[in-house]
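In the form predicted on its own, a lone chain appears below as structure tokens.
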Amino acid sequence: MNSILTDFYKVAVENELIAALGRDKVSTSFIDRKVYSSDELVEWTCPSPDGDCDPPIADFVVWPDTAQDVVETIKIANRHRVPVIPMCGAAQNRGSILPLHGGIIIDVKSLHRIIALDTENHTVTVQAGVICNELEAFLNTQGYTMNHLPQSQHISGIGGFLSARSAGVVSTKYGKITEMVLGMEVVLPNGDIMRTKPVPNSAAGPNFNYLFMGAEGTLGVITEATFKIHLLPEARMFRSYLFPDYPAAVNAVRLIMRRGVMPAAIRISDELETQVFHKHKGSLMIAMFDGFEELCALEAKEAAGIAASLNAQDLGEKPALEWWEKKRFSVAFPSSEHPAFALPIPGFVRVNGCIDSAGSFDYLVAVQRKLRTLMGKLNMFVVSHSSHFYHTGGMIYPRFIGQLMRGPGLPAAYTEIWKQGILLSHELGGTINHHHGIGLTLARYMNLELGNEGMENFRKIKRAMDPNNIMNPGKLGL
């Protein structure tokens, strides 16, 4: 793999890309390359010993509108050992699309066709560049929904969701994107096209969908996928309960899930988030039930009984309905009078981050308590909520915010906050990430997640599939 392309070599590669794809699908303009060379990553996420440094920039941006365009791009990249970085939306903030060695950014947004809607078998097949909101709007007009509704749905595409194993706000009932996909089309690192069968299930060897989901473009470019879909729900019911504290609310979710009740969405704010944002004392639970009316009513009744048995205060539907209609797509920190959200002290910079993880119900309580204490010692304000649940546990979304002094020490100080939070999550038995992806920010911690043996086998897969190491090098600890 070439880390640096000479000007002469850049022209040679550009000419081949133009010959294969056409002039309008290839750009070397500085503006395009600059804009496409970063996601929502902030500069102090990536440590540099001398403070500020110029971020990496791609040599080319290409916009394929067919899988064959992707094939031709990959083949050219292989011939010249040029890195390839797939992109779809760039809503992450983990540096997953940073072109660390320059190269070609493939923006799949022109792969935006809805290929087939099969209402008899409840599936939809789309290209990877389709924006989530556009797909959902199309399905809704036909009486269907995919019910993958992440906060970034208005800017993020299908390929990005699959690459980072995205979760939406109704994942408790409908699952993450990984539970929705049936089959995929992927352009492999050698330029071959691989398709997995869009069937409900199979026992014919390993499920290769899971090889590419979560790989963040390191093993190929996802160009198409088939998903299961659902009829639009006939009814939705919203309920809100105030528990004495976060552990009590987590226990309520555990009992609700054990009962077999499946809220479409269930969200718990810890005591600080409940106080600062919801203006209540305790731990607020928001629940939404959907389906046909009798089912919603029964599930809401069962959940209400469990909440009452744990001395929760019934707040009715208003807080939950307000969240659904106004806040589910808002920024993580709505306006607040809390001093942590005021302008930073001169000479300091406001920093924040989300150390989201997943684990057992016991883990959720332990990590919420211990992380709050840890972040307090690091002079960080932290609020948490849990919004994706499973029969054996759930995820927690702790968001820290605070101030760090500007200067060369800022990157190291910011990295230390992440390090302490990730190590605590791991020590308590949780995953290092639930749905935000790894990219560059968390790459150094992949050994914690997979273990030394698991990481070495991941590297073997990478070397076997991508011997020239062109696919998004430097990410996921590879």
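Nothing here was measured: the structure is a model prediction, and the numbers come from that model. Start at 1 and count along the sequence shown; that's the residue number.
FYI, the form predicted in complex with a small molecule isn't displayed, but the following is about it.
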query	finding
Selected contact from 222, 396, 284, 265, since only one has a non-hydrogen atom within 4.5 angstroms of the small molecule in the predicted bound form	222
Residue among 402, 89, 102, 291 with a heavy atom within 4.5 Å of the small molecule in the predicted bound form	89
Stretch in contact in the predicted bound form with the small molecule, which is absent here, among 417-425, 28-36, 435-443, 56-64 (heavy atoms within 4.5 Å)	435-443
Exercise: residue 97 in contact with the small molecule in the predicted bound form, heavy atom 4.5 Å	yes
Residue contact check: residue 353 to the small molecule in the predicted bound form, 4.5 Å heavy atom	no
Interface membership of residue 209, the small molecule in the predicted bound form, 4.5 Å heavy atom rule	no
The small molecule contact in the predicted bound form: residue 151, any heavy atom under 4.5 Å	yes
